[in-house]
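In the block that follows, a single chain appears as structure tokens, in the form predicted on its own.
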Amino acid sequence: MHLSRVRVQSLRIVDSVSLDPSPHLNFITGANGSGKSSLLEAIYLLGTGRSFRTRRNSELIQRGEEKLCVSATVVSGTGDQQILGVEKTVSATRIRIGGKNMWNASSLAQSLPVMAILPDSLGVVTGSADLRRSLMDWALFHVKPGYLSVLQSYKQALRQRNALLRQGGGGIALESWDERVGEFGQLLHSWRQEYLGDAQDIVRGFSERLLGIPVDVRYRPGWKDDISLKLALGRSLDADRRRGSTTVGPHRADLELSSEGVAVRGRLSRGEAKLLAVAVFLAYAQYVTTRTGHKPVLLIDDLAAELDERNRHLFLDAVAGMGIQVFITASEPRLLETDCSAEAAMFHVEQGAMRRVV
């Protein structure tokens, strides 16, 4: 799966751009503020319906314009083609797939799996559990039909339980929400356990390739899983009342990264942590490819500048070896030099205007 003929209009400083990317590597260079990250943002919009930088449409639309438009042709592994389009005004988002209006952004994600590795993606190693959970959810959305629906039902039930806790409620009403949180949460947990094992093996392989050490991933469910979630909810009720929120469940789940039984957090240099973060993201992209046969489009924003020359080559060679369509930005072409450069398309962006160099 890859994109061809991408068109962007009125997105940030990008007035009107059309590019015919390579189905493999695409390098986008330009000075800071030139608009190169906005091109990645446009592709991300096509796969998710939203930006990876802001939730406000007004910040995306070019000054003086009423709307932005992004469109592209998605080419499947069998050669079938489908046109995706996203239009945003200040107050609304319009999605079209194959010429038909769609009302759910998840339809975009099903048509175009897209993964973004951004400068703050280091948080998958050093930060809170939020990014690691979102990575799990991204992978399972593409791998397990029905996962998104159950996740949304769980979050809705969790919000209702938390609201009741803050109000000091209890009795039958609380028992009812305990039932729903327990039911949906237990199902999420079972799917995560069942499907994430393969991803853990792939993380180990990528970490050995990029860091030279095997890193293991252990899934922590968010409660002591030797008991049911419903029982855990009952046991945590006093603590939950004091805090006004639910302290156990899949929303507290995490992925623990360790090597030879020792947690890697705090033991790696910044460069090593960056490489491990890349390894984790690439592993989950490979996992989705292996499980579904659909290759996600990978977006990588200004990561090479934070790596030394040796690690840049390791990173770029690993990305090239994925066999998927990749868009990588950098401030200077030299940061993207690799043995695979001859097979890549090179674009240069300046003040929102773009030209193909190679």
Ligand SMILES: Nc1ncnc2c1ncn2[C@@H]1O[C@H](COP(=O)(O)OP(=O)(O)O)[C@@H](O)[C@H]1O
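Predicted, not measured: the structure shown is a model, and the values here were computed from it. Each residue number is its position in the shown sequence, starting from 1.
One more form of this protein exists, namely the form predicted together with the named molecule; it is left out here, but the text below deals with it.
K.L.:
For the chain seen here without its partner, which of 315-323, 287-295, 42-50, 27-35 has a heavy atom within 4.5 Å of the named molecule in the predicted complex?
P.N.:
Contact-bearing stretch, as computed: 27-35.
K.L.:
By the heavy atom within 4.5 Å rule, which residue out of 309, 59, 332, 306 makes contact with the named molecule in the predicted complex?
P.N.:
Going through each option in turn, the one that passes is 59.
K.L.:
Since only the chain is shown here, I'm wondering whether residue 63 would be in contact with the named molecule in the predicted complex (any heavy atom pair within 4.5 Å).
P.N.:
Yes, residue 63 lies within 4.5 Å of the named molecule in the predicted complex.
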